[in-house]
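The chain below stands alone and is given as structure tokens, in the form predicted alone.
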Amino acid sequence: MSSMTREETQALIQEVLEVYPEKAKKDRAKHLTVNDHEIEQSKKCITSNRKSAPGVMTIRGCAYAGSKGVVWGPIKDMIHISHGPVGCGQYSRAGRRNYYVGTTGINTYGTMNFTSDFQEKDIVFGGDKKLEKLIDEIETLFPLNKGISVQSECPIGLIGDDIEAVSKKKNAEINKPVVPVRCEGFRGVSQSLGHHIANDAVRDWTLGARDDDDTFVQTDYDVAILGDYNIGGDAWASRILLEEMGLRVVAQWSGDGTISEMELTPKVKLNLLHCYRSMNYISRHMEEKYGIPWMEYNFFGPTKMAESLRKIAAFFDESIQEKCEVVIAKYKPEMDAVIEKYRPRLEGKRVMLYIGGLRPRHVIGAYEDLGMEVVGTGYEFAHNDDYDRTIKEMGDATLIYDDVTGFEFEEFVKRVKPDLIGSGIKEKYIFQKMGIPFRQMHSWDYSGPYHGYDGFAIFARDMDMTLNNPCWNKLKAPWLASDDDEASVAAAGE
């Protein structure tokens, strides 16, 4: 249970909203709520996937970020062109720690920045010819690439470049997939539409390429991992467990993924979906067209891992179910030892989360395995079906916030006073300067993996290392500082 009552949480929301003008207050009130386990559908209590209020500090990304940064970018043996000015490509390059096996610049390209580097003259005269030349240069310099995607930035949609025509022409010339992705950043309200657009591009330009290929030998235990971006090696940690229980992972994308794996995915027996928000569209398409069922899984923490492994095994025969129990039993002593070591140091600590994708709900169980409580959570770009899943995981009367503004998040933290915050890089240094332990939960703060049994040991160590670091005793949060402290700081500044 949350340490705040329902009335206290609602009063906190109303207090924070008071700073806004009436129109903004009315809009933002729809995005903040008190969790209620009796509600079946989140749309009755919270609004999501709407435009951010102008003038507030939103922490969202854009459609280009959703496509290039998440779905297409980690496909390692393709070259992904950021078609437009250089900045977007540079910002999206190598930031998410999507680990991959290969030799960069030879047969893998995930950490490289390929851009058409738009200038003013390209805005005036168009960039189609420049894009053609760029693809020709790529083929000369990097002949082992297995395909190219064209990730369009804002100017492309504004001036009307025909990237589809260029892609079709070059596809015929180089005899490799050239995929146009209309993910201009101004589309939609956040990176979420970029995920959807990227999924549609996979569907229309890639997925059916090997439908008539009979050379691939199928088995009854073929599965695909979708929506795991291998941050810090997460997908590898998950894959180990699936293969230990007798399944064959035919495809894994987009983290450490290849275009060949994407093309083979329609031949599997089950799609295992990790990040629902970014890949549910393509999973639903394969269910409709190929009859492939899909299910979500959660490999954060031993409790959720056991639930997910058994749920996956139940889809297959008794031999897989038996091996599943062997795998769970094998790792149980290790997990018990991790919990025995770290739970006494973390028991009762309170956490607030604000992340994208699936993490605002998926990591809750891992914290609870360590005796910690998540007292507030929210998404940057969720839809209501994400919140439908979240209200079941959160404690009753806890705080839930959608597209929370910088001001709101800071005020909630000041009042709730969590022991730990898990959020993104934009928020990290604000809260650290406020004297609050912080973990960067988008890319694991240069650590990981956090998935799987081995990952849980790393997760527990990192939470303990962060929360119990003695440096926090040397810092005083602004709302705890006395007038004398403030005077001392001011005098030192002079």
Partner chain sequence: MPSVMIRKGDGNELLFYIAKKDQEDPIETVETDTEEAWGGLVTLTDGSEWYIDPISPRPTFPTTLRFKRA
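Residue numbers count along the first chain shown, from 1. Small disclaimer: the values here were computed from a predicted structure and weren't measured.
What comes next is about the form predicted in complex with the partner chain, which is not displayed.
For the candidate set Y276, F118, Y100, F409, a heavy atom within 4.5 Å of the partner chain in the predicted bound form is found for exactly one residue, namely Y276.
Proximity to the partner chain in the predicted bound form, defined as a heavy atom within 4.5 Å, singles out one entry of E261, E243, D385, E393, which is D385. Contact between N199 and the partner chain in the predicted bound form is not found at the 4.5 Å heavy atom cutoff. For the chain shown alone, K426 is not a contact residue for the partner chain in the predicted bound form, no non-hydrogen atom being within 4.5 angstroms. In the predicted bound form, at least one heavy atom of N280 sits within 4.5 Å of a heavy atom of the partner chain. Using a 4.5 Å cutoff between non-hydrogen atoms, R60 does not count as a contact of the partner chain in the predicted bound form.
Stretch-level contact analysis of 282 to 290, 183 to 191, 141 to 149, 400 to 408 against the partner chain in the predicted bound form, using heavy atoms and a 4.5 Å limit, identifies 282 to 290. Along 39 to 57, these residues reach a heavy atom to within 4.5 Å of the partner chain in the predicted bound form: Q41, K43.
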